[in-house]
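Encoded as structure tokens, the following chain is the form predicted alone, with no partner shown.
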Amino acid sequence: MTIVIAIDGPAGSGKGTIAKKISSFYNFPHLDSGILYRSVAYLCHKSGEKIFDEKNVLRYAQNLNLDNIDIDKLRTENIDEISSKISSFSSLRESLKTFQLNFKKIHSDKSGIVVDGRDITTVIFPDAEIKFYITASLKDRANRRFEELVLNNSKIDKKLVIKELQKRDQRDMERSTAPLKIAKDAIVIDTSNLTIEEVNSKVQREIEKVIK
């Protein structure tokens, strides 16, 4: 049986970093669902066509091939903004849901997979064996996102990062399709005052309760 370790949480909470560490430690394949939305956003932006036309967005999603995407080009403010807005399209979410479910099928020979995003524990894998909701204060999340974005733009304004995070939180939590929320059976971990190592230890302890 392939167990699913599902991780949700708001932007900048540290869920992606933890997902990668868990994936590496247990040698479980990892899927960052945010990359899917960012990739579609990037392709729409690159095409120069109507970025927020739902049919146009869906076309890119249905033909998505991550092997042809330069991941380094996805971590920008612009792509952040576009991906956040198009993620409210129900047709896009349904298309990428299929992509994510296929990820488990593709790795059915593995003992486990790690998937992180916004609706993994509630919509994509509601029956996941292990669920986490990773969160942190707005201030801490803004600091982390700022440090990430400043690598590509040294003139970025931290106050703007905070405002954009607030907007992102609102869109993620209030969208009609698959809003970000805490699954009833998810283990909630606030990373605000914890190091990556401390969070990783907490997560691993919970995982060990299930896989051993």
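Sequential numbering from 1, following the sequence displayed. All values derive from a computational prediction rather than experimental measurement.
Note that the form predicted together with 2'-deoxycytidine-5'-monophosphate isn't included here; everything after this is about it.
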2'-deoxycytidine-5'-monophosphate: the contacting residue among 131, 141, 93, 104 in the model of the complex [heavy atom, 4.5 Å]: 93
Do residue 168 and 2'-deoxycytidine-5'-monophosphate come within 4.5 Å of each other in the model of the complex, heavy atoms counted? yes
Is residue 175 close to 2'-deoxycytidine-5'-monophosphate in the model of the complex, meaning a heavy atom pair under 4.5 Å apart or at it? yes
Answer with yes or no whether residue 38 is in contact with 2'-deoxycytidine-5'-monophosphate in the model of the complex, where contact means some heavy atom within 4.5 Å. yes
Using a 4.5 Å heavy atom cut-off, state whether residue 73 contacts 2'-deoxycytidine-5'-monophosphate in the model of the complex. no
Going by heavy atoms within 4.5 Å, which of 181-189, 30-38, 65-73, 49-57 lines up against 2'-deoxycytidine-5'-monophosphate in the model of the complex? 30-38
Output the sequence-ordered list of residues from 102-136 with at least one heavy atom within 4.5 Å of 2'-deoxycytidine-5'-monophosphate in the model of the complex. 117, 118, 119, 120
